[in-house]
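Next up: a single chain in structure tokens, the form predicted alone.
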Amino acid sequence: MDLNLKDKVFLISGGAKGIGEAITMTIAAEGGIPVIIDPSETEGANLLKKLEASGGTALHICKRLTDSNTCKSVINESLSIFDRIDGVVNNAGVNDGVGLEDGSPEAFSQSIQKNLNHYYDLTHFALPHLIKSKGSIVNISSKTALTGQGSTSGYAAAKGAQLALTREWAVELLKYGIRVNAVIPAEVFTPLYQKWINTYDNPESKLKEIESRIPLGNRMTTAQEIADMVVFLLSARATHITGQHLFVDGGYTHLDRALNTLNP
């Protein structure tokens, strides 16, 4: 299926690793131009080399989106090279474990700044160019926004706000034909997830326990499965989809976990 992304420019925050890397690679495979916004110098450089070696065009902006001025500079740098923006994928963030009991008001505010503010800032500065292209916005949220997790108030609050902004922006931007959607992963096996699993005394046992609670196939979602949904939403194949929260999670968020006893 041709998604008609050839030569279109898409910004991906956190685009050098995990889910972001899969989104970057999928955009490039469809002929699009990914702008990888990621502070990971080595990973970003390696990914850029891989894309260029396969004949693709891409840009790595090695910056962390810590404030609005940085977000603005990222937009300007991208425009100076490609002179257009056709879509924004807000993906960067980290589950930083800032809870209620063990956290603090200061840590909570920092977590919101780290996980939420750049979603608004990057999109705000990209908006005039998205209006020109009638582009698309995809926000990557998390199941924690709906299920809770415990000991991660800042991250969960940010992820919930991302879902609210998805609907708010979808309404505000209707007049421009700009579509805004959110993709909600649950358990996705990424290098960061592997690092977390390895903190347990028996990582393999812990992973099997988690997989047993994922109704469809008792397996983790892959980063590629998230990327496939994101890139579809960016494309002209999704021209009548907006304001949606789409779950790519093997039924984890909505289906009864007791179903794992029924799976063959």
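We number the residues from 1 along the sequence you see. None of these values were measured; they are calculated from a predicted model.
Heads up, the form predicted in complex with a small molecule isn't pictured, but that's what we're talking about next.
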{"item": "Whether K134, L165 and T242 all lie within 4.5 angstroms of the small molecule in the predicted complex by heavy atom", "value": "no"}
{"item": "Listed residue (I75, A156, L130, I140) with a non-hydrogen atom within 4.5 angstroms of the small molecule in the predicted complex", "value": "I140"}
{"item": "Contact flag, V230 vs the small molecule in the predicted complex, heavy atom cut 4.5 Å", "value": "no"}
{"item": "4.5 Å heavy atom contact, R179 and the small molecule in the predicted complex", "value": "no"}
{"item": "V9 within 4.5 Å of the small molecule in the predicted complex, heavy atoms", "value": "no"}
{"item": "The small molecule contact in the predicted complex: K63, any heavy atom under 4.5 Å", "value": "yes"}
{"item": "Interface segment, criterion being heavy atoms within 4.5 Å of the small molecule in the predicted complex, picked from 96 to 104, 75 to 83, 166 to 174, 114 to 122", "value": "114 to 122"}
